[in-house]
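To begin, one chain is listed below as structure tokens, in the form predicted alone.
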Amino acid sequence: MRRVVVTGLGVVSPVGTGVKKFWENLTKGVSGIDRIRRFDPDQFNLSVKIGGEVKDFDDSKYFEPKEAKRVSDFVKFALACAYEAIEDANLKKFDPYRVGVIVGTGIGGLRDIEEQKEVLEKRGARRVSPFFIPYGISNMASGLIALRFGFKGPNYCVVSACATGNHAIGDGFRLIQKGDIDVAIVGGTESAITPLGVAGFASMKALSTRNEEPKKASRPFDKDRDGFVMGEGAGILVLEELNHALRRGAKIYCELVGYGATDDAYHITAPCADGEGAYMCMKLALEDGKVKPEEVDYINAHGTSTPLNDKIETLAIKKLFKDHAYKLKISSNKSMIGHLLGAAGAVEAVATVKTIETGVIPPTINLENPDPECDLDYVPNEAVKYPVRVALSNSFGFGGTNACLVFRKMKD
């Protein structure tokens, strides 16, 4: 089977646009969560008024003003990440039919749907934008990346709720392994912090209502957690067949060695009570990568800050890793960036790769009162220096869908 390596990274996130700023703030324990600014939550009588919004994004770097008005934010975020990741990989010469693009989103152009529905009601059908559909459909992130760079290989969008990013990366990994392509531009993107998006998740009682302390609202594995915080952004990785990367002298961050995917088949939103789906997903990913549980040093947890997820993910980790679970370093990026839904796995995969590269594990902030049922080492509140040879990145989503990735420090 062909080996797959990571040669490029790109990020747009609530704690910074660009990998450098993202990583600096993540390792410093900086929270990107605040009161929502894009609209007034009070205008809609929302019970949740906080989110992890992207604050420093400049779309003029990628679009002319007229086009920028037409393109959905989730597409803009993905394209910006692709530019950064492809430049990072120094990918200049390629066979266009040997480069695939797989970029997913959980919800897609929700803001556009809301806005154009209002146009339809107030101004009539003829005033609905002709660009509403082509620039807002879910696969336009991958489509526009291919168009800008001339990539003519497989191109599609994965939609699997909060596991989207990991599924997209896993699909690209498989296509390279199989020999269908040599390079894959993969990841996830999301921008769903809208009145309807917040109202929908709030009605489910899924979101934290810690409105007065937004930076402390996302608190994975803490006894006082009360729900997740919506975030937005994108993450893109350049995956490459090892020999292809070596021939062109590419910088190699690490190797992607394993991918597992399962479903709980239990409930539309709640994880399986015994953690079986998550357990099996992690197990399959390790087996795929020929990695023994005791070889894993770090887990980038799904860690949503919801009452159910955190204790059940912990349960699944203990079930798989047994005594080694207490030797693992585990942390949740969502404590700082919130839950980026379809982009979560991809942004967290970037963080996992950087952890392997730098030997620094970002903390789980706001872990002040540990839940007795969550009794592992979640790297509380401060980053730690720790050599990571093998890391697992978890993503679990509504519908019971699970996706896990295994990254390994390069070895001969």
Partner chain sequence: MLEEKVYQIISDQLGVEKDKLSPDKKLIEDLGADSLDVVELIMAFEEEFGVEIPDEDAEKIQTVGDIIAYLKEKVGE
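Quick caveat: nothing in here was measured; it's all calculated off a predicted structure. Positions refer to the first chain, counted from 1.
Below, we refer to the form predicted together with the partner chain, which is not included among the displayed structures.
- Arg126 belongs to the set of residues with a heavy atom inside 4.5 Å of the partner chain in the predicted complex.
- Though the partner is left out of this view, Pro130 does reach within 4.5 Å of the partner chain in the predicted complex, counting heavy atoms only.
- By the criterion of a heavy atom within 4.5 Å, Lys385 is excluded from the residues contacting the partner chain in the predicted complex.
- Under a 4.5 angstroms non-hydrogen atom cutoff, the partner chain in the predicted complex has Arg70 among its neighbouring residues.
- This chain is drawn without the partner chain; in the predicted complex, the residue among Pro307, Gly179, Pro134, Pro96 with a heavy atom within 4.5 Å of it is Pro134.
- Screening 372-380, 61-69, 24-32, 346-354 for residues having heavy atoms within 4.5 Å of the partner chain in the predicted complex returns a single hit, 61-69.
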